[in-house]
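Below, in structure tokens: the form predicted on its own, a single chain.
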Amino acid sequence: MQIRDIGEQGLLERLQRFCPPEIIGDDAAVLVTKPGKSLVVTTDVLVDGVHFSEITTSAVDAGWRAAAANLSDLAAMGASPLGITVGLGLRGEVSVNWVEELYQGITQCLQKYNTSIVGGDVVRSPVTTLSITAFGQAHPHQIIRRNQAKVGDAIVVTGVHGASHAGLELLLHPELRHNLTQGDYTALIRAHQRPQPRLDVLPILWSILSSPIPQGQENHPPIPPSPHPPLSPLLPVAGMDSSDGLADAVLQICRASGVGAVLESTQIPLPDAFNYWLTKEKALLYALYGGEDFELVLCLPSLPADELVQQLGNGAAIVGTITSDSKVLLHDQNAKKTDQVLTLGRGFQHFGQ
């Protein structure tokens, strides 16, 4: 059965089964936030042939990835999800089963975080396009922004990098799987098809930052009181997710904060499989510029950074330091070569050459 066989209303009737009946049915959804919270909104647009394809991604996985990308943006802002809306552009000959499986993937990801599809739109389009808008809430003192990095901050990543790009390469070029165990092969594929938004990091981060910092060891000014303060003032944290690669995240943070950084290449956490599967240079290229790992990249004082890495484990690491320089440098403590200057041009850019 194809979309044109059931029409817009028939498709909407099927898709409404994926939404809470008490929220949908009007011209807009009403989402209630708690007192003293800020509404956080993010939108991602995914296009067939650019962000997903039937060669590398099933409909279920495409749905999961789309939801995960938006939840990751909320996590990068320090927000917890409230709901999402889905805008879908479809050709008439797309199968109804494909669309329903897409929504199954979306809801499978959302269910892990007690989140729902609360509305959306469906239109005819010459190319399949998926646009998701996610709504979250955060305490004003717990919003993570890119422009809060301070000289001396440690740069923390919440997990390994390069796995998603490796999975994509394996899906596009199966012959590359030589020397990989079945377990490593499956793990890298899953890293690409089923990324995990790091919403789990936030309660750990807030708990650490709510603990008293020994006097004289802060490198941020105290936060002024608000009408609805948390249990104790929290330190500003700079950050974003690494959806476009680790290098992109650090560069974006530094540009917004007016600072520079030094990354230590030997400290960047990589999948274990890279040790015997890729050269050191290619492994770093995947980690820095591959993208879609959806880990958080956070800049915060060294003491809470150490504690965060210790509590997270599983590949979390301090990979560098914020500096007063205007450049972001990649240093290798085991090599004698000059530090490499990182740039945005090497990562994926829409409309790039």
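All values derive from a computational prediction rather than experimental measurement. Note that residue numbering begins at 1 and tracks the sequence as displayed.
The discussion below concerns the form predicted in complex with a further copy of the same chain, not included here.
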With the partner omitted here, the residue among Leu170, Met240, Leu263, Ala273 that in the predicted bound form has a heavy atom within 4.5 Å of a further copy of the same chain is Met240
With the partner omitted here, the residue among Ser125, Gln196, Gln267, Gln108 that in the predicted bound form has a heavy atom within 4.5 Å of a further copy of the same chain is Ser125
For a further copy of the same chain in the predicted bound form, the stretch among 180 to 188, 99 to 107, 131 to 139, 200 to 208 with residues bearing a heavy atom within 4.5 Å is 131 to 139
Contact flag, Pro81 vs a further copy of the same chain in the predicted bound form, heavy atom cut 4.5 Å: no
Is it the case that Pro236, even though its partner is missing from this view, gets within 4.5 Å of a further copy of the same chain in the predicted bound form, heavy atoms only? no
*Might Leu176 be said to contact a further copy of the same chain in the predicted bound form, defining contact as any heavy atom within 4.5 Å?*
no
Touches a further copy of the same chain in the predicted bound form: Ala29 (any heavy atom, 4.5 Å) | yes
Checked 32 to 49 against a further copy of the same chain in the predicted bound form; residues with a heavy atom within 4.5 Å, sequence order, are Val32, Thr33, Lys37, Ser38, Leu39, Val40, Val41, Thr42, Thr43, Asp44, Val45, Val47
